[in-house]
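Given as structure tokens, the chain that follows is alone and in the form predicted alone.
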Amino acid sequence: MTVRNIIRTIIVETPSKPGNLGKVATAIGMADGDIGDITTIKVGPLSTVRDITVHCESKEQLDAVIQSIQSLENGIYVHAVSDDVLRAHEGGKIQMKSRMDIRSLADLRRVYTPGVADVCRVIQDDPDKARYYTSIGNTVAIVTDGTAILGLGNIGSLAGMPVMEGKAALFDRFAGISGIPILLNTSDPDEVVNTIKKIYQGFGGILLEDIGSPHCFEIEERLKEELPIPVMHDDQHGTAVVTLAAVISACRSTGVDLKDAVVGQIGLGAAGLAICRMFMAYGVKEMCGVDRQEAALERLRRYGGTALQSIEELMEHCDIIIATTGVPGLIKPEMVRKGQVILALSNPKPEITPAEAVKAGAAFAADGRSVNNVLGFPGIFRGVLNAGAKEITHSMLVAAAQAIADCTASGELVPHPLDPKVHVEVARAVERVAEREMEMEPVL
């Protein structure tokens, strides 16, 4: 899935008469711009000034949006175009701060020397106490090699740092977790795994982020086997959790029994394969997939899915269709069967638009604008850290998806990603499953 690359705030003045804001919105839409927030800055007797946030795919499209607005008459003006996104990132989005107020010598002696020596000895005698007497138990490493940054591709880990900072900010906001970005200058699986193994003791969990396919599969599998702390690749399992939640909601709206439905996945990259595994863990009896790469099809077979030979075959055979290819218009309207549920998740342009899919006979259709990983990863890690779990299992991830679906209002696909209740419920669901699984573990 890709993202719109340019976000700008356009300061527009319109006459204070009904209908003028609608003209501006229409002009933006005619240039294929996507409107975000609209903030009224000033209301006067003659004119109104607003900040209108617009998302565009390119500089050329942004220029077309501005020109479209400027072509309007009757006193509508573009005063300025500002880059609020760049300004918001000045100095970075995160920082490390002390939780202790150090104002006296007594404070200093308690926090640092000589008092800290006693705590060091406690941890030396019982290493598990580090989880309680340091920040380790509430800290997650956000690790990237920069090979699959958002929709930008292999731009390197340094250029991906703003994304990692964003993840850290979301961890803090929704789960109270300290996220520490770790930028790697290697994509070699052996080097990545060995580097993380050398630093893992300082963290309660590892979130692998924007690591490309296929090396992401080997890296995650090896780390999960070799580290005694939870590891999750967000582009795989975070995406899969929210996708499963969205499909559960869609099935509720259409009266479809998901576990008895035949589900088809178009595109078996990192997200696509994880979606297949998640749906099978949920209980879907027949999970099909299609991909241009034979290696991807073989991975699906290895996990118990059915590899099909073409998109046409998959569309003919499956009741629920999920697509994560990044190829606009890949699903043609004539491929759609009546009553299908279709989630074309590539952004900004889906494999088929919801309107086209419904017109062609789909019972329900949606694109990827609502399927946001932020609904999953903060609560998932909050739950496993609370439970002291050493791994993240598919049962925990299915519980997270179910919690997201249960927080979704009737008629919606997923809840609002900024709703704090969602993250609390996800954390509780994951923690319950983690504790139950830990109780069932054999005592060695």
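In case it trips you up, residue 1 is the first one in the sequence shown, and so on. On a predicted model such as this, the values are computed, not experimentally measured, just so you know. So that the term is clear: the rigid core is the largest set of C-alpha atoms that superpose within 1.5 Å between two forms.
Another form exists, predicted together with a small molecule; not displayed. Remarks below refer to it.
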property: Proximity to the small molecule in the predicted complex (heavy atom, within 4.5 Å), stretch among 142-150, 106-114, 123-131, 83-91; result: 142-150
property: Contact test in the predicted complex: V358 vs the small molecule, heavy atoms, 4.5 Å; result: no
property: N372, heavy atom within 4.5 angstroms of the small molecule in the predicted complex; result: yes
property: Exercise: L184 in contact with the small molecule in the predicted complex, heavy atom 4.5 Å; result: no
property: 4.5 Å heavy atom contact, Q340 to the small molecule in the predicted complex; result: no
property: Contact test, all of T239, G267 and I311, partner the small molecule in the predicted complex, heavy atom 4.5 Å; result: yes
property: The unique member of T306, T195, N138, N347 whose heavy atoms fall within 4.5 Å of the small molecule in the predicted complex; result: N347
property: Listed residue (A169, M100, V327, A159) with a non-hydrogen atom within 4.5 angstroms of the small molecule in the predicted complex; result: V327
property: Threshold 2 Å Cα movement between the shown form and the other one at D128, rigid core reference; result: no
property: Rigid-core frame, C-alpha of S310, shift of 2 angstroms or more between the shown form and the other one; result: yes
property: Large Cα shift (2 Å or above) at S346 between the shown form and the other one, core-fitted; result: yes
